[in-house]
Ligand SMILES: Cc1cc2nc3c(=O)[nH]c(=O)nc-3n(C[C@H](O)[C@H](O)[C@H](O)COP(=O)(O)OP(=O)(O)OC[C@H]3O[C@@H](n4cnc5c(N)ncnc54)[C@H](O)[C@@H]3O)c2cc1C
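Okay, so here's just one chain, in structure tokens, the form predicted alone.
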Amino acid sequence: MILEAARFPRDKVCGDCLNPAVWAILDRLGLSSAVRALPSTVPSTMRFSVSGHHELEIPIVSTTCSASSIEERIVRRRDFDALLAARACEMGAEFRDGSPVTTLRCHSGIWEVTLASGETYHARRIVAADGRNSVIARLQRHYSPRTKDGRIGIQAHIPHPSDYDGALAMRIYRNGYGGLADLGSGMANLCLVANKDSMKELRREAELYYRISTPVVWRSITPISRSQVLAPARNGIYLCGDAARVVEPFTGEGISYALRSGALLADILCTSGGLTSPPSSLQDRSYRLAHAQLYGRNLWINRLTRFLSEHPRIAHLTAPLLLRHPSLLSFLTKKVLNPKNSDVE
């Protein structure tokens, strides 16, 4: 059973980007063709710019594996997530949207889940894929007491700015950073991230830069990041995606790590005793190890962008150096958009 707090379909505050590493998992799910059939675009250029400086364009090259293309694709998350939910139902899951979880208790090794409606359900295992503000992780005190991130993210779907050519644009502003992605049909996704006390100025910067003169609907989310969980697996509760560890949105890898961590967990549960037996310490240890390996390999660029986004003045001073060295910027782009980052075959 899948318990979803929101009513589907629903938009999500994100960049609407699918990293190339997702395709191996979508192939396993039998969803690659269906995802490509959704309204979407495949950007051919990454455009970097810094407020007060010039811009630089880096080609985005798709690769081919097993006769299919592996590319960066821009897909609206309301469409993508609805497709995932429908596929889960096709495979036998029951999907309940509008069903926020309020309490979680364990009785003799069985978890009792209570919804806001008062309904209760019982299960041996709980998979928490409920995002950076995970209810399950908070109820079980999986988070360390580290100080919360003071940044906020906002997003709007806007008409194409004049002369916009569909490039995947990443811009360092004086008060934060932002991205623009082409959703197709004349619409684009504009995301902005800043410290809370700077968001009003950043929004004004972006609206002037893209000449947004009509009111748009902004959605917000906070915190942008927070401490990773103390243990992504414990006593039959498994955390996936942002519920376990938040990835900085600048590099667009969040959905990739969410799907990859879910696939790792599925493999472990199905090969280490299966789902009919009670949860075991072996399953917990296996997932903790695999999870650490997944996130420990390729996140150094992500950590760097987080540091710069938390210190916009430093970012605005150092970012122009990247514009002067196209080969370095191209290397960093290829590291993020490398389909070999996928650990799932």
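Computed from a prediction, not measured in an experiment: that's the story for all the values here. In this text, residue numbers run from 1 along the sequence as written.
Keep in mind the form predicted together with the ligand is missing from the figure; the text below concerns it.
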Study note, to complete from the structure: Picking from 188, 237, 268, 240, the single residue whose non-hydrogen atoms come within 4.5 angstroms of the ligand in the predicted complex is 240
Check your understanding: Ok, 161, 262, 150, 100: which has a heavy atom sitting within 4.5 Å of the ligand in the predicted complex?
Key -> 100
Review point. Wondering, does residue 273 line up within 4.5 Å of the ligand in the predicted complex on heavy atoms?
Key: no
Review point. Contact between residue 6 and the ligand in the predicted complex at 4.5 Å, heavy atoms?
Key: yes
Review point. Looking in the predicted complex, any heavy atom of residue 135 within 4.5 Å of the ligand?
Key: yes
**Study point:** Proximity of residue 232 to the ligand in the predicted complex, heavy atoms at 4.5 Å
**Key:** no
Point to revise | Stretch in contact, per heavy atom within 4.5 angstroms of the ligand in the predicted complex, of 119-127, 200-208, 252-260, 85-93 | key: 252-260
Exercise for review: Using the arrangement in the predicted complex, list in sequence order the residues of 11-31 with any heavy atom within 4.5 angstroms of the ligand.
Suggested key: 12, 13, 14, 15, 16, 17
